[in-house]
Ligand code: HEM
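Shown here is one chain on its own, the form predicted on its own, set out as structure tokens.
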């Protein structure tokens, strides 16, 4: 498999970014949903620190993925895909990228405004506050962070559902070309 994308399939770099970010978001969502139900006490600080570091890692990977996307070609749309579907796919991807950035940035904003303790990425790199400490704004930033997370969950679920429709209903290669082990259908295997 090639590092770079071709007309018919995503390259291994784009696939790696895609699946690593998907896996990290699933882990991050589980941790985030778990930790909000925990009682507020010092013993939960490591869980919050892990959540923050993982979120910042997802942000870094999203930046790298977008940079790679700027220099890597995009596979062609499947034959027979309408202009409306192609436009929908592009809008969906823009939403996904925007939300990939917005969720961790809103978390960083919340952390900055709450000013509970310094923000370290994996206990190694101290990150600056994005805003001054402000309890009222921290509440707003927290609400925003949660709302953006749920928006990402909905858009990502829609993205996955559409990929499955392409695979099982349309029987095209939209999903297969993002799978590391997927191969294009031959003309015999298509209906």
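Numbering follows the first chain given and starts at 1. These numbers come from a predicted model, not from an experiment.
There is another form of the same protein, the form predicted together with protoporphyrin IX containing FE (HEM); it is not shown, and what comes next is about it.
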Query raised in the report: Heavy atom within 4.5 Å of protoporphyrin IX containing FE (HEM) in the model of the complex: which of 164, 45, 60, 125?
Result: 164
Report task. Taking 4.5 Å between heavy atoms as the contact cutoff, choose which of 36, 154, 133, 67 touches protoporphyrin IX containing FE (HEM) in the model of the complex. Result -> 36
Requested in this report: Indicate whether protoporphyrin IX containing FE (HEM) has at least one heavy atom within 4.5 Å of a heavy atom of residue 52 in the model of the complex.
Outcome: yes
**Report entry** Any non-hydrogen atom of residue 144 within 4.5 angstroms of protoporphyrin IX containing FE (HEM) in the model of the complex
**Finding:** no
Query raised in the report: Is there any non-hydrogen atom of residue 129 lying within 4.5 Å of protoporphyrin IX containing FE (HEM) in the model of the complex?
Result: no
Query raised in the report: Hey, in the model of the complex, is residue 22 touching protoporphyrin IX containing FE (HEM), heavy atoms inside 4.5 Å?
Result: yes
Query - Heavy atom within 4.5 Å of protoporphyrin IX containing FE (HEM) in the model of the complex - qualifying residues of 74-104 - result: 74, 93, 96, 97, 100, 103, 104
